[in-house]
Structure formats: C-alpha cells, structure tokens
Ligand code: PEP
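This document opens with one chain alone, in structure tokens, the form predicted alone.
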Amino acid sequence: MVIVLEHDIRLEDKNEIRSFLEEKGYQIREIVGQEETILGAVGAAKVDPREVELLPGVKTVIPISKPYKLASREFRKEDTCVTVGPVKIGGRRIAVIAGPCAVESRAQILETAHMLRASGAVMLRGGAYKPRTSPYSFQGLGEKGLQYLKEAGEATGMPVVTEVVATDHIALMQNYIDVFQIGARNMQNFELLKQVGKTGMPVLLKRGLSATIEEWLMAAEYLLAHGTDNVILCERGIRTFETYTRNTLDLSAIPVVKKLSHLPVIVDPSHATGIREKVLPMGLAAIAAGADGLTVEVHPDPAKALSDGPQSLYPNQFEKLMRDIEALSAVVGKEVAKIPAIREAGGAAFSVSTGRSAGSGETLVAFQGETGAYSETALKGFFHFDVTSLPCKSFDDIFTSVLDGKAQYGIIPLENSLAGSVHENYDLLLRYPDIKIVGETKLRIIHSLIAIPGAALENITQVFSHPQGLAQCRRFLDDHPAMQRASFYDTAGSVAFIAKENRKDYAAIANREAAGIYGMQVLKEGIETNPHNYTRFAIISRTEKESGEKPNKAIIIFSAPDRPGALFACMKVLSQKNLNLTKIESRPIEGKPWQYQFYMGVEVPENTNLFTQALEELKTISEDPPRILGMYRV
C-alpha cells in the first residue's frame, strides 16, 4: 500500500507510522516527491487500510493493485532517474551505453572506450563472463576482463556495466564494475536476482527471450524488494516466429512499461535485430517511442570480433548514430546525456552567501520565472549532476545572482526558432563582463492548456500566459473565441495564479510539468501553432570552468569602424581561416546613436590556433578589440 503523509507531519508521527507497519511485517520505503511524501509498505502482511488511515499524520492510504509493488507507477508517480557516477538514466536525458560484446584484450577495450567517449557514449559495456549457447564458444576473460574493463572506464571517465551470470561472481565483480547486468537468460533466475539486489548497486535488467511485460516487471520487483533502488529495464527483443532478425524488437513495450512503471527503460537494438545495418534505424525508432537510452554493441573491427560480430557497429556507424540521436532528441523533448563538461570536484558547490566552495554538495542554478518554467526544464536536461533551481523575477536578477555568488550558474534564453533573439540577454552579456557563457542547450517548446482539476475545455473563458506563449498558440485561441487572452509575466507563474484563484473558467498556457507541480490538470497538450518551436539557452557562470575538453564553439562581440566594407573585412578574416559563422546579431551601442556592435557565434576548429589568429587579425580591423563572451563545447 501507499501511505500519503500530511505536508506538516511531525517526525514523531512519521516514526510511529513506520514502526506500526514494520511490526505488522511490512518493508517500508520513503519517497519524497515534488508534490507529496509517501511511505510505500510492501510484503506478505495484511492490515486493514482504514486502520492505517486513522494514524496521526496520514493523509490517505492507496492500495497497490499490481502484483509488482515497488516497480509500479502506483507506488511512485514520478519517473525514477538512476544515477551512476556522473551519468543519469531517465527523465529528460537519452543515455547511450556502448562497447564490444566481449572484452577480448586490454588493447581492444581501451581503444574502443576512447573512441566511444569521443563519439558521445556515457557508459562502457563489455562482457567478462559470457553465457554462450555453445560450450565451445568464447566464454570471456573472467576477472582479467573485469580488470581491463575497469581500467578503460577510469581512463575515459565512463562508468562500466557488465553481465553477472552466477551468484559466486557477485562479490568479485563489485570491485570492478558500476552496474550489474542481468541477461535475458537469467531474468527469472530468482536466486541471482535476490543476491544482486542485496548489493544495493544499480542493475540493468534485460527482458527475457519469451517474457511477458508483467514477468519482466516482477523480475525487477525481486531486485527492488531485496535492496536496490536503481533498476534500469532493457528491452532487447523477444523470440517470435520471425527468423529474419535475431529477435523481434517490441517497441510497443516502451510506452506500455512507461505507463505501468516509474523505472527507466532503455533498448538494445543490437541483440534485438542481430544485423548491423538494422541497428541504427531501430535505435532511432526506440528513441522516438520514448526510450530513455540505448545499449549498443560496437567493435573496432567487427569482422574479427570473438562474439556477435555481425551485429556490432563499426566506429563510424556509431558516430553517425550519435549525431542522429542528437538531431532527434530535441524533437522528443530530451537532451542527449553527456559526461559532464562542467564538472564539480568532489561534489563541492558555492556557498549561497559567500560564493566560496562549500561541502554541502548543493549547486544552485538561477533561472527566470516560477518553478515549472521552460528554463527550469532546460537546466534539468543540461546539468548531469544534481542541482537546485533558484527562481528569479528577471533576467537581470539571474546575472546578479551569479555575479554575487548566490548561484553558481544561470540559464538564459538566447534565441527562439520562431520569435528570434532575446535581445535583453545579449545586452546583459555585454553589461556584465565577469559573466561568461560556459555551455548551451536547446529545448522543444510544447505548450499545454492547463486548468484546475474538474475544469472542462468548453467552460474556459480566460487564458493567462506570457505574451509569447499566447502568440505562439494563436491558432488554437482563434479556434476558441470564447477564451479571452490575458498577459502574464511568466508561463509557469500563470499556472500558479490559476491554482490560487481556483476558478474552473480560468486556464493557463505553460509547460506540462507545471501542471504536476501545482496540482493542475492538462486539458489539451501541443496547442502551439507551429510545432517547430525550439529555444536555445545559454549556461552562464562567473568564471569559465575547466572541462578537460577542447571547445568547439565561441561567442564573440566586436564593433566595426564606420566606413564602407568594414564589416565585410571582418567577415573575410573568418573566411580566410575557414571558420564557420553560425550566427551574427547586431545591437546598438549604448550612448552612441546609430553605431552598432556585432555578436557572432563561431565554430572553433580542432586546430584552435586558427581561431586565435583570427581574433588577432580582427583586433587590427575592428573599432574595439573583439571580446570573447564564452568558449565551450556543444
């Protein structure tokens, strides 16, 4: 059962509830969500829910109807994100795990790991113990393979995952790996599930060859019930009558499991198809269907692979897959997971009051608007370590919060694909020379019509939102002339406003996530006129962070002298250095009427000397020396 607690419950009452349930024979899990705190009580014990509901501090009791309790969506409404070192799987990230089927040698796994890291993989896979159909096939290198795998993971900063095939191997493997993989053949090896669950380590659980979805989730329940909170489900194809491919990839399982369970779901298109050429299209199809990531087999020379060569990608194929996922991610409203380019040493963070390094582990990121704003959604997709959002009333407040050390980072919108540039933020970047751009991210803007629970679409008479939100949903609002438009300072703020007003004829246009935060309902999703609606955000910080990676983009600003051909001369410098210009934006110079400065986005080549040389030449041509607003990697 799920016990929803009162918001102001006393600690003594909470402990009393826990003790009461434990005495009855239940195992207790506490979950603190955005909206409420719950206690999950599971076990073979029986108690009348009404008896629990009478305890002080209990708001309500909800029985769990599914046979899988801890894995069910009834137990936890919010999606679970599994954290493995610097990587998060779930939520708005698409995590790609890659590596060879088997660790064959130290040189092979090191070469593969460095190639995968450069292409964008965030976790390294490779088999040390291989369960093979034939006893004469390559069975893996055992502990030596684990040693090589760990070395490759540490050399590239990637956590490692490998399959465990026997309970005897668990203690040994814990010394070398970050994630246990339970293979398809062992999905219902219940003793193995129990022992792996007791380690408390993250587990990647593959669906059995002929397992139903319920059987798959029951296997996850074994892991959860015995100690681990971090289970990643992996659809890898099921056995059907079709023999052309190795298995049949059940893409429909992704949305089904997403509705039934809070656990993240990834897909293995390599084992699902068994054919190299089919891996890329089925991997992209899995992302489109809502998968939280992929696990893919890649080998430096698949023709010489000791196992599963026909389904292993060549390095160039994996590189293309990652670029295609990058292009698709914005369409499905997600961000491709990366090993953090902005890395926090030892989890340290700036003190809210002083800006100095503190040991609390809290990292504050300032954004404009109320909780649930699109900017907050974007920052959660960008940062791959735990951060705390700091709402600000204005864009200027973001800059001052970062400058004063109240926040370590800020996120600001720079450009919308429909409305164009956010000029205020370009001007603020010039006004605050100590603030630098250290990264960027993009987010697809999907507008929803949100109202209080019980409201009906046909009864809405007034719609609140930011003027841009109203403008971007003009066609929908034109089709509903009874809905009067009311401008509000912020999209998420308009949801908070209608929640406070509690009127069934009021609605707001905002991010779907805001509805959940303020306890509202979504009347209609995707009401924007143009679905090609994206916003590009910049991540700002007081000092540029060392990422260990070469930057591939720079934002610079300069002014050209007032004479014919001056701007052309500046552009010619970039052309001669073969530097690609991604954006140019002119802004008036404050205090100098009819004079302009130019913001430019430039791709920084592998040979960064070309960029440096171009800046030096621009100094001799431009009115003022060019200034770098930020250099970072995208």
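The model shown is predicted, which means the values in this text are computed figures rather than measured ones. Don't overthink the numbering: it's just position in the shown sequence, from 1.
The protein also exists as the form predicted in complex with this ligand; that form is not presented, and the subsequent description refers to it.
- A residue is said to contact a partner when one of its heavy atoms sits within 4.5 Å of a partner heavy atom; residue 335 fails this definition for this ligand in the predicted complex, lying far away.
- In the predicted complex, residue 185 approaches this ligand with a heavy atom inside 4.5 Å.
- Of the heavy atoms in residue 101, some are within 4.5 Å of this ligand in the predicted complex.
- In the predicted complex, this ligand stays beyond 4.5 Å of every heavy atom belonging to residue 466.
- Here is the short version: of 88, 206, 447, 299, the single residue with a heavy atom within 4.5 Å of this ligand in the predicted complex is 206.
- Only one of 163, 490, 376, 221 lies close to this ligand in the predicted complex, with a heavy atom inside 4.5 Å, and it is 163.
- Only one of 122-130, 520-528, 499-507, 278-286 lies within 4.5 Å of this ligand in the predicted complex by heavy atoms, and it is 122-130.
- Taking a 4.5 Å heavy atom cutoff to this ligand in the predicted complex, the one contacting residue in 226-244 is 236.
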